[in-house]
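In structure tokens, one chain follows: the form predicted on its own.
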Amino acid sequence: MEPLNRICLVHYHEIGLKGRNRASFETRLVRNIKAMTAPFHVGEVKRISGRLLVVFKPEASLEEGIALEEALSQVPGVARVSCGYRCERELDQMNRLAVQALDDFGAFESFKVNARRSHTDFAIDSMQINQLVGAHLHEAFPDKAIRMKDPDATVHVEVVQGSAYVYARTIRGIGGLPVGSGGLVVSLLSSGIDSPVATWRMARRGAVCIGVHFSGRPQSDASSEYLVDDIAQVLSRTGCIARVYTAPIGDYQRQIAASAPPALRVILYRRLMLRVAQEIARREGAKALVTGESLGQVASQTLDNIASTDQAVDMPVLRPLIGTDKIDIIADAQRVGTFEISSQDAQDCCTLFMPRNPETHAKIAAVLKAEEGLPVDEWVGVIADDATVRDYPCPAYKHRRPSQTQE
């Protein structure tokens, strides 16, 4: 018996709507998947008939195929992943692999066959393939029911571009666009729940994300920095973050707290952070900033306060979570894999020198007056220069300047 030729078919949806630009999106997704599959026994990744084909080497096991299927489903741009087999366009081989595909599927009580023939040079049409392969499966699994509506398992047989692809295992992906197709952004990344999800959502829209973490050192410990590194490690598994700058600003916060009205401290902290993030974005060639703010979630996230912080920069500030409920944000964090990390306690710069009654409706004129005596412009350059940098695997990222790699 010939050895099994294991494959994964990667399906996409939004990319398929891109018209003349579709090929560039497909090429970007191929590159991202090639980089991500490097640890697996994968022979090639290529485009075929409106989807991508990932071909395993002969030594790959079913368990490895299942692991890769799960990993691919988390790659931005992937709508669905199907793990199965490739064979010649011969009915006997299709029948054999259909039985194997159902064995791989796991427990089931009912099934059907869903065939698709994309070229008429294959003599048997889709309806006939359904009938012939279905009859063979009924013989192989006589105790299982054939059910055309809502079966437990569906065996797909696709005859395209000189080969046949047979699979029953299929899982949903996260969709979106491939990282690298949407430009470069700088994301203010804390160790909390919200900002990692905001970063992931921007990556899912095709953006290459660079994080900037503002630490409270030396006024606090470095615990938030370790958690942010753990978060970045999770995001980097699918290329959703390229680099993280860590900028300690505890001493600057102390100076703000000593001279500014207590109610405006948080606003002034945020304005400083946005300015530093903008400076880093300019050095990196990024076009926008990203925050994890959600309207009304905390005192600093009212419309008046958001307007007061945005006034500090001239670069667009994107807030992908602005209208999102906290429960939905938590669900995304759990899906991404950052929730458990973000749920750990850490000393964060946002809680340093917090006033009892922070301003919830700041006026820009009052904020500017409070900021007058502070050498903010001088601080921004120093903080950006002193930030340490750590890089993460992201095939879509092109380094703009030498990194100060953090050990």
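This structure is a prediction, so every number in the text was calculated from the model and none was measured. Throughout, we count residues from 1 along the sequence that is shown.
The next section is about a form of this same protein that is not shown, the form predicted in complex with adenosine-5'-triphosphate.
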Joint contact, S190, V212 and V298 to adenosine-5'-triphosphate in the predicted complex, by non-hydrogen atom at 4.5 Å: yes
Partner-contacting position among E293, E225, E158, E279 - heavy atom within 4.5 Å of adenosine-5'-triphosphate in the predicted complex: E293
Candidate from M273, L137, A101, V336 lying within 4.5 Å of adenosine-5'-triphosphate in the predicted complex - any heavy atom: M273
Close approach of D332 to adenosine-5'-triphosphate in the predicted complex, 4.5 Å, heavy atom: no
Exercise: D194 in contact with adenosine-5'-triphosphate in the predicted complex, heavy atom 4.5 Å: yes
Distance check, E371 to adenosine-5'-triphosphate in the predicted complex, heavy atom within 4.5 Å: no
Any non-hydrogen atom of D348 within 4.5 angstroms of adenosine-5'-triphosphate in the predicted complex: yes
Answer range among 141-149, 166-174, 265-273, 104-112 for contact with adenosine-5'-triphosphate, defined in the predicted complex as heavy atoms within 4.5 Å: 265-273
